[in-house]
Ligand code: XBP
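Before any questions on binding or motion, here is one chain by itself as structure tokens, the form predicted alone.
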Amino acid sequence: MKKLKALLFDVDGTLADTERDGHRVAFNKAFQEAGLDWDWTVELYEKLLAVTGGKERIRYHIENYLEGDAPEGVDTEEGLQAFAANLHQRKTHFYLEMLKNGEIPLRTGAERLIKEAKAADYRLAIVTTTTPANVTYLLTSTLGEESIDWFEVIAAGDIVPAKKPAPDIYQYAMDKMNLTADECIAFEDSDNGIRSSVSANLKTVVTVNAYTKDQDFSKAVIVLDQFGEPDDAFTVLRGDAGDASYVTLELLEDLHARA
């Protein structure tokens, strides 16, 4: 077994609980601005999360919830692609505004774990389907401007053609870092995420959120409700954390070795 060298973090739902109160809200602001009467409720958005990628989610909504009835003037494949891209760009604008205003914090224990890993010279990477701008603003608004440099690779957005659940983006990050899967551990929160990481042969820690708590994480090395803090313990939903009550480097080393 090779030594654990790197921590690979998903973003949405993993580092921050962005989906319900971040991306969903921003999508609705973009719809309103565009004069659309769409309303992605909490319940509807949970279903739309089965699709990875914002532009793809817009198209899925049109095709499956509007019976393919695209907005007026969008009557070709090229037009639909452009419409989804432009609408997603405005959604990103609203989401970034929320990040800049500090409206989306990191999840409990995430900041501590990242800082401890950096101090112990573990290599860090971001591996996500969200846009690079979303990653930048989340990190700088929560961890400071210098935090961008803590991550050796930020693999985000359309950097690879096939998004999660395909393993491509994890493989891209590991290739850039010149690491193999048995030198890394991944952090995910969703079915699409763990399908991606496991397909890349990565041992995966899952921290669920309200949208993903009932998904199948049988291939995770451990499933938790949060990273936890010394005074705010996690709950183990699956697996064995030993005597640990929050995610530490020692626990990660143990999970990596045991897996």
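All residue numbers are counted from 1 along the displayed sequence. These numbers were taken from a predicted model, which means no experiment stands behind them.
Another form exists, predicted in complex with the named molecule; not displayed. Remarks below refer to it.
The chain is drawn here without the named molecule; in the predicted bound form, the stretch among 143-151, 103-111, 127-135, 176-184 whose residues come within 4.5 Å of it by any heavy atom is 127-135. Among residues of the shown chain, Phe217 is not one whose heavy atoms approach the named molecule to within 4.5 Å in the predicted bound form. Contact check for Asp12: a heavy atom falls within 4.5 Å of the named molecule in the predicted bound form. The closest non-hydrogen atom of Thr212 lies beyond 4.5 Å of the named molecule in the predicted bound form.
Among heavy atoms of His61, none comes within 4.5 Å of the named molecule in the predicted bound form. Residues Asp12, Glu19, His23, Phe27, Tyr45 are the members of 12-50 with a non-hydrogen atom no more than 4.5 angstroms from the named molecule in the predicted bound form.
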